[in-house]
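Next up: a single chain in structure tokens, the form predicted on its own.
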Amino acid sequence: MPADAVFAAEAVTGSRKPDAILVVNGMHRSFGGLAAVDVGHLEVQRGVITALIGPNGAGKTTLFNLLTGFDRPDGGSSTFDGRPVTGLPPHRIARAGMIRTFQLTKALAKMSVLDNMMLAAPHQRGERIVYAPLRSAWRHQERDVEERAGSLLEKFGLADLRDDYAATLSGGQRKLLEMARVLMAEPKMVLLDEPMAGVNPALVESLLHHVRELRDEGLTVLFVEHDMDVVMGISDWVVCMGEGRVISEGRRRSWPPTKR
């Protein structure tokens, strides 16, 4: 089991993982004279939930932006699933299987919940100019996409809202929609930026359940969170950042780990 395998890793900064899906080397990003990210070496184990913690301004979201192509590093590199991804645009990194969410949800407010879901499905023939006029070439695929979107909305408790505008959803429901939409894109790894922030306590347990399910279905999860009850409740491995650097990491059950 991947979650068991990570417990064999040494609980020190920059530790090597048995089967790392994401590897970061010497990644640096400065804004003016401030070093926002200065990560010497970081590996994320495949198939586990890794929490990224640290105070505000520690560089967590900036690191997410660098890893997913929304910002470019001043130096260093990262590989995902054995392939270099540094410098690639966000859509190419997403197509490779690493997909993120944001602190502020990015639902398309004036489209229905179902349409938000269907847009995320990859390799749709109807989106290509060559096939778009030929309804017979993509009709069956679109039906399959709609069926899959409906199944995911059912799973995330949003089926009754499928025809509603995304703008009408509560903050917690938008978080659920964003997580469901990520699954439509068939990822290998999901990066969640403060998934519980601003969520009604009644929906927190539902979100926690779905994060665990991502791992149980074989996906890798890296998430930023400030609520330590959440971190200690669902993570397998914890990485702590401070002033842009990884200052310690280790298995959740033995926290705090030893510093090197």
Ligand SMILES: Nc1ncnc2c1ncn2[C@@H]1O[C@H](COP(=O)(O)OP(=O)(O)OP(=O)(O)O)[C@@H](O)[C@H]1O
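In this text, all values refer to a predicted model and were calculated from it rather than measured experimentally. Don't overthink the numbering: it's just position in the shown sequence, from 1.
The same protein also has a form predicted together with the ligand, omitted here; what follows describes it.
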| the ligand in the predicted complex: contacting segment from 38 to 46, 205 to 213, 228 to 236, 55 to 63, heavy atom within 4.5 Å | 55 to 63
| message | Please determine whether Ser170 contacts the ligand in the predicted complex, using a 4.5 Å cut-off between heavy atoms. | response | no
| Though only this chain appears here, would Gln103 touch the ligand in the predicted complex if you measure heavy atom gaps against 4.5 Å? | yes
| query | For 27 to 42: residues with a non-hydrogen atom within 4.5 angstroms of the ligand in the predicted complex? | reply | Phe31, Leu34, Ala36
